[in-house]
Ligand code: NAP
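A single chain comes next, written as structure tokens; it is the form predicted on its own.
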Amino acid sequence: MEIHNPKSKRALILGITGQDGSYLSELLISKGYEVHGIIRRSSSFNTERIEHLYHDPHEPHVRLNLHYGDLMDGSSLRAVISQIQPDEIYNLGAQSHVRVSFDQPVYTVEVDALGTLILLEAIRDAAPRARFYQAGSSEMFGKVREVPQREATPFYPRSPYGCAKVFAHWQTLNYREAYGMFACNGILFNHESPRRGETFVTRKITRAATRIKEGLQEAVYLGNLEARRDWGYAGDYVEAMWLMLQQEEAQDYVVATGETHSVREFVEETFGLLDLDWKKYVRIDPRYFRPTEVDLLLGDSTKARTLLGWQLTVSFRELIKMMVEADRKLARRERLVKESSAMIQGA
């Protein structure tokens, strides 16, 4: 049963079960929001990142409610938005794996580009005064036109994912200017955490390294080690999303650390924390190279720091340490389960 608290703001999050959705939900609940999320109907549960938010014995109100819907289904979006009448809407829903977008370009564009347009139309129709956040990406800069990349840097996407995000960015800006909607684009550079999906390169590295340390895995297969990215902590970045919707005027912001590191550096730091020689375990697999590569991403978040007062709290090395410690616990648990199973079978 859904309980609406008239004293609290209501937020609707698309992509609530993902890394960013879980951190954003935590942040909003801590600020007294009533949080609603849209999830796709599935035969299996995929809510593990937000399960700890369902029931809080110290919280008198239901703060998290989930609704079935889909970015490609405008009628379901309108129904949920009309029912909730949210103050803020965050679109974090996407097919967000860049390499996969080359294998599934049509699906990626349908969800990430057309899905955003369908959502904007639903908002314009059902809750035109709601404040809207669109999750942009540094991949929109692609073959970068300048270093570092700012809000005014021209886009040059190098993947179906990047192209779809550019479409969504301009549609959001157009709805802001054409209809007076409070609509913001957050151009977020890479941000990671222990909740990052295991198919993304950073989590793939920390998960593999800790499993290698525990004797559960022999090697890890990676692609381009020389690609450079601006990596931050997801928990910091969701605060920037929230801050954008608290301003008097809707604007677009780059959110980044201002540092760039190669995949090789990420590997070296990860394996170094585990006292392992990464060269013994890392294999290069051409299948993980992109048809068109993005060589360097480096963001300038001066505008976000100045106008929003946004700040970083976790450094590059602290981020990797956080991920390694979390994945080491998972690997140790996995090893113990494996050993217990072997003992039972041998008994």
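From 1 onward, residues are counted along the sequence shown. Computed from a prediction, not measured in an experiment: that's the story for all the values here.
The form predicted in complex with the named molecule is left out here; the points below concern that form.
Proximity to the named molecule in the predicted bound form, defined as a heavy atom within 4.5 Å, holds among N190, Q171, Q149, T210 only for N190. Think of it this way: in the predicted bound form, the named molecule has a heavy atom of just one of P86, P160, G136, G235 within 4.5 Å, and the residue is G136.
Look at 68 to 76, 210 to 218, 242 to 250, 124 to 132: in the predicted bound form, residues with non-hydrogen atoms within 4.5 angstroms of the named molecule sit in 68 to 76.
Proximity to the named molecule in the predicted bound form holds for none of V254, E259 and G299, with the criterion being a heavy atom within 4.5 Å. Using a 4.5 Å cutoff between non-hydrogen atoms, R49 counts as a contact of the named molecule in the predicted bound form.
Interface membership of R176, defined by any non-hydrogen atom within 4.5 Å of the named molecule in the predicted bound form, is ruled out.
Put simply, V80 is far from the named molecule in the predicted bound form: not one heavy atom of it is within 4.5 Å. At least one heavy atom of A94 is located within 4.5 Å of the named molecule in the predicted bound form. If you take 277 to 303 and check each residue for a heavy atom within 4.5 Å of the named molecule in the predicted bound form, you get nothing at all.
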